[in-house]
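One chain follows as structure tokens, the form predicted alone.
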Amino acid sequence: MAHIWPIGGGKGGSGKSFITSSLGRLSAGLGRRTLVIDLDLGAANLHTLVGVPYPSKSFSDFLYKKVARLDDAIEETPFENLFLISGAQDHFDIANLPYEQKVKILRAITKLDYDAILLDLGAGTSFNTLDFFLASQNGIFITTPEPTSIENVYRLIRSVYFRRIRYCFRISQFKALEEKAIERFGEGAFNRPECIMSVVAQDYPESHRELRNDFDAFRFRLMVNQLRKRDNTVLGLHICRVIEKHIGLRVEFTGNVSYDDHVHDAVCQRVSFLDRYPYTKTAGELRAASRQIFQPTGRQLMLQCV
């Protein structure tokens, strides 16, 4: 089964598509059959960054049964081992997916036969983004150093947390949880994960154990993109500590990716940044992040051999 890596950010312009395409290229360069999927529904642009300027297929072909299987919507890219499902030709209303279609997509993605699948998600905290993020125990959050971007990625992570809790309960039950949290902890408690989980632990101990096991199994990562010289290089570590303290989720800091005007030049020229500027600091940081994410550690290799 493929390792699925949803990639999201709380704010537009954080560089999700650039990071997704770069990590996809680098994963493929390690000899792994890699699929990148544009799930920024209604605002797709991943195809441009992986060298497919005019995709002939898209998600809509699968959703509206022009093709029988999701595999039939996959396109080759100019890069060996790298494949694409584009959203470039999608219908204008695809951003508002009915729940049934979302389930259909998620099930189809998990059946695809690739070593790595990267999901380029839309910005913000829409249910589409949250549900696609929860399709895997892996995930990569992207932020830039600006306070607005940091606030939004924190809000996204908190929303993923709450969305996972919401899966366990009917609407009426979840509403009752919010009311009990307010009753026990005061106004605003329904926005504090620790308060909701405290109520769950008391009233639904089995659900609490299930949720805690899930949260402990998540392998979320954070990358700080477009870091400039004047920015704090340990900002990402601080964000991860705040998340663990206030939300209770362990998020691993994967590294910084420096701001580089060459990224803008490569995108405008529709050429691969990694090919055109392979010796820049930014390219080196992307390669280091790729190794950390995709190459198994010694412990993982031991587990694979058992």
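Residues carry their position along the shown sequence, with the first being 1. Everything numeric in this text was worked out from a predicted model, so none of it was measured.
This next part talks about the form predicted in complex with a small molecule, which is not shown.
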Checklist entry - the small molecule isn't shown here, but in the model of the complex, which of 236-244, 257-265, 28-36, 65-73 has heavy atoms within 4.5 Å of it? => result 257-265
Checklist entry - Can we say Gly51, Lys57 and Ser272 each have a non-hydrogen atom within 4.5 Å of the small molecule in the model of the complex? => result no
Checklist entry - Even though the small molecule is not shown here, does Gly284 get within 4.5 Å of it in the model of the complex, heavy atoms only? => result no
Next on the checklist: Contact with the small molecule in the model of the complex for Ser149, defined as at least one heavy atom pair within 4.5 Å: yes or no?
Outcome noted: no
Checklist entry - Would Thr129 count as touching the small molecule in the model of the complex under a 4.5 Å heavy atom rule? => result no
Item to check | Ser86, heavy atom within 4.5 angstroms of the small molecule in the model of the complex | outcome: no
